[in-house]
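One chain comes next, on its own, written out as structure tokens in the form predicted on its own.
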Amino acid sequence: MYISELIKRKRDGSELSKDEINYMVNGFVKGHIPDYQMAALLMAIYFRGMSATECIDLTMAMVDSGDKVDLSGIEGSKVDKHSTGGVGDKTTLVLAPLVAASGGIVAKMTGRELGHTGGTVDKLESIPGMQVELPKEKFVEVVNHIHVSIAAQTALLVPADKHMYALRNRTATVDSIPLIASSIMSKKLAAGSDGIVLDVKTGVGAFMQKYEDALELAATMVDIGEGAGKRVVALITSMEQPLGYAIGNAIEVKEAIDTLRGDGPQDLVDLVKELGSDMLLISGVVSSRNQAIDIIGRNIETKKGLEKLGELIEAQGGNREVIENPGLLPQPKINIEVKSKSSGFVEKIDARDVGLASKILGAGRKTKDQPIDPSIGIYLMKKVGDKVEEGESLATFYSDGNKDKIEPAKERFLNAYSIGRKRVKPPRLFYARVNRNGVEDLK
């Protein structure tokens, strides 16, 4: 088998066999196939796409390239959740403990910041003492004990994805739906859960800005997961404006705690209930969506979800006192009010620009090895549909006081806001649910 022949066949639109895909992935990971040939093959995939069978075969070859997490020592149906990334997306911090408190078993491996979006690992690490780099044995132990654990993905999990993504990033082949789907699903399948719920974001602040692309990605990932013998559901949700009000790390942990206490933003609460109902349904905990939503709502009211978050923090070495005293989280040096330059109604907020403003301020990384200041972030005072007066605060910046960061962050942030004369409705939060039965429109 020659890689040049595979490049030619894919370039001409042919379908690669399972053996050919295995040869391609294994050869690249082991160094037998050089970067320039793999880059050519990735570009051919970018233009020609892949069939459903090819996508499954590629994903499984990537899964087999490294370690797999064995969750057989955990009794019951294990469920995982993945978001394609958004601004202010602290959903996992609320959702995982709530689902566990509602009878589910959540074994989640997650990642760090990517682009203009935050990472769950970075948020969790802002909790004093919290450990996310867990050995597999400890991960399983925590899930067995409290039915939920959130850990960082290890370097030995799906090394093929690490190598291929680095090459895709250098060759402008990142935004290929078959390659995105196989990248996400290979890590989810290697993590060992029985079911997976996907939150596929669409809108200006998402990687999939067009709904049609988000729908295709969701359907592709569902097909891959179901083809691998897993229960998979994808929810397509909006990322036109940030989720909730907090953008950053410690600031998002506090908003997650507030939400579990019953004081959270409505869009986050609605999203958690919808995703949580899917997690409980595919786990077999409930028989109807209404039943699941009622249980989740009750566990917010009774603070059982908040108690479960405390158990999770303590089980992974963190200081659970942050639940009652969020002041123990990293605090900024100064708070800066960012004021509106005009009066009217907020018509639009560019979520991507808000995410980039937060990153400029210091809440994100410029390079993968750069440390994050967990105290830095942005708290929104106004969202789409809100009335605002000239000179009124649009947001509060949590800052380290560095003026070289503050001014460009402020400029980017103010450019994200469109203020007009007429009140508009907030953008819809839910678009569709995709599962093995097809697409359900959510209005």
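Owing to the predicted nature of the structure, the values given are computational and were not obtained by experimental measurement. Residues carry their position along the shown sequence, with the first being 1.
Another form, the form predicted together with a further copy of the same chain, is not on view; read the next lines as being about it.
**Q** Heavy atoms, 4.5 Å, a further copy of the same chain in the predicted complex: which of 31 to 39, 55 to 63, 388 to 396, 412 to 420 makes the cut? Say which one.
**A** Stretch with heavy atoms near the partner: 31 to 39.
**Q** Answer yes or no: in the predicted complex, does a further copy of the same chain come within 4.5 Å of a heavy atom in every one of I7, D12 and F47?
**A** Yes, the whole candidate spot contacts a further copy of the same chain.
**Q** Report yes if any heavy atom of M43 sits within 4.5 Å of a heavy atom of a further copy of the same chain in the predicted complex; otherwise report no.
**A** Yes, M43 lies within 4.5 Å of a further copy of the same chain in the predicted complex.
**Q** My question is simply whether L167 lines the interface with a further copy of the same chain in the predicted complex - judged by any non-hydrogen atom within 4.5 Å.
**A** Yes.
**Q** Residue-level contact is defined here as any heavy atom of the residue lying within 4.5 Å of a further copy of the same chain in the predicted complex; does A172 satisfy this criterion?
**A** Looking in the predicted complex, residue contacts with a further copy of the same chain include A172, since a heavy atom lies within 4.5 Å.
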